[in-house]
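Okay, so here's just one chain, in structure tokens, the form predicted on its own.
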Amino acid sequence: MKLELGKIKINDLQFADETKVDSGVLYVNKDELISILKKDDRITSIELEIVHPGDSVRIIPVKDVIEPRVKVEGPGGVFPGFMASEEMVGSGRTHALQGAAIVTTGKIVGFQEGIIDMSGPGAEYTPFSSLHNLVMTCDVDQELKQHEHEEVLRMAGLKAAKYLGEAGRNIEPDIVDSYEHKPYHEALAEFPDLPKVGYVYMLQSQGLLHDTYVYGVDAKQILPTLISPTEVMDGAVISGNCVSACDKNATYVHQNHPVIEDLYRYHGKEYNFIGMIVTNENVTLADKERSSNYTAKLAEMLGLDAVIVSEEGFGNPDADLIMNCTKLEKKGIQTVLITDEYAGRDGASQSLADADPLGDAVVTAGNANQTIVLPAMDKVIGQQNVADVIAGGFDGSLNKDGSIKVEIQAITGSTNELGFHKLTARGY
């Protein structure tokens, strides 16, 4: 499978009479987009606002962040299983409006939803403060249950991203990157002198409001399986969860996957990147055992020498992470783990809820319990009063002057476990 990803650089975002891309500016017909979104009669009201890097704006609570894209050649379409058929993606050509994003917000659904500050110290902790964001504030029918509310906003975000992505269909990209995933018998024979490396991609799937979708299927319903890295880069994986904002993989992160990017960057130079396994994070011990056993079996069948294993979330998923690690290591497959830490505000507590001596190669994305004071912003989009109840906040987080004291757990993407942002730590 060979994917060409054309990146159209967006330097500005403005409302206009026509939705189009012109000279690096994404123009959006606000009324047309609202009319499309309001076809879902479960939405009672919707507001669209544009924010730019450096604006004195706070967005809270953030549901998801999505990059606008369009499929211009090859099978499938954007967001398969939701906005397109279940036809396999990962080949052909896709255009991405790089530098622009859809951000969804509205009434809080699960307490693990976060904050994006577009300026100030909080902006340094979220990768999404550097984007030109079209923020969608949606109110929905009050009779909807929590999971229905989440679905409405998730689908609205995907529809908006698809609509904006169409503006890039006939635009010549600034950059075209190519990625190829060859059939396994070819991949295994290609670089015989290099170690064979794979990637185990753990997806958050721990019950209601902890959903991630693969081709539209909730990941809690799957057994671990092989997936082409190009499929992930082409939108096969979608976020639908309300885990802590700091280490939630927003849809934007799945689309712009840094681990896959790096594995391709050094493929054929330092190692032979064979492929990847997508797996879930489970609630019951039996499900954890089954998925970790299956993951280790697939890695062994591929003949891998080493794997990277990334986690999404913390606490309960730490058990899945360590199970994957130990079972791979016992098969002679070396592992490197990517996680973040909940080590207490002083950094002195145990970082993970589970551990094993075989997990001796770990990359951390930072300590989510670290506290920060976010100064008041000139404008708040959403509902700032939820600062006291979202994960990372506490009673008294929101001050009368509009400033907020929280753990960085509350900041969207601050300790992303795919390494999508800046934080890490070094052990001695």
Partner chain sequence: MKDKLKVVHYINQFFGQIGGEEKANIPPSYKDEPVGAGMAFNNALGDSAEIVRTIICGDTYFNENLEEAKAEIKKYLIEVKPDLVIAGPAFNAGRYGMACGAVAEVANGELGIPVISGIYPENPGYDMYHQYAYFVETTNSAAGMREALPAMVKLIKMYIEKDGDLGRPEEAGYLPRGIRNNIFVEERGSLRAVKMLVAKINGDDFVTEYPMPVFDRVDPVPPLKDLANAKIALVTSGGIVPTGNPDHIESSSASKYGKYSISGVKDLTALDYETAHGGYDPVYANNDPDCVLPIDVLRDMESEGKIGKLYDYYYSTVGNGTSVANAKSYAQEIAAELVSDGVQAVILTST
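Everything numeric in this text was worked out from a predicted model, so none of it was measured. Residue numbers count along the first chain shown, from 1.
Below: the form predicted in complex with its partner chain, not depicted.
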property: Partner proximity in the predicted complex: residue 68 to its partner chain, non-hydrogen atom cutoff 4.5 Å; result: no
property: is_contact(residue 228, its partner chain) in the predicted complex, heavy atom dist at most 4.5 Å; result: no
property: Distance check, residue 347 to its partner chain in the predicted complex, heavy atom within 4.5 Å; result: yes
property: Non-hydrogen atom contact residue 82 with its partner chain in the predicted complex at 4.5 angstroms; result: no
property: Of 259, 278, 153, 302, the one that lies within 4.5 Å of its partner chain in the predicted complex (heavy atoms); result: 259
property: Contact residue in the predicted complex, chosen from 343, 323, 135, 237 - any heavy atom within 4.5 Å of its partner chain; result: 343
property: Among 374-382, 48-56, 22-30, 393-401, the region lying within 4.5 Å of its partner chain in the predicted complex by heavy atom distance; result: 393-401
property: Output flag, 94, 171 and 252 jointly within 4.5 Å of its partner chain in the predicted complex, heavy atom basis; result: no
property: Residues within stretch 203-242 having a non-hydrogen atom within 4.5 Å of its partner chain in the predicted complex; result: 208, 209, 210
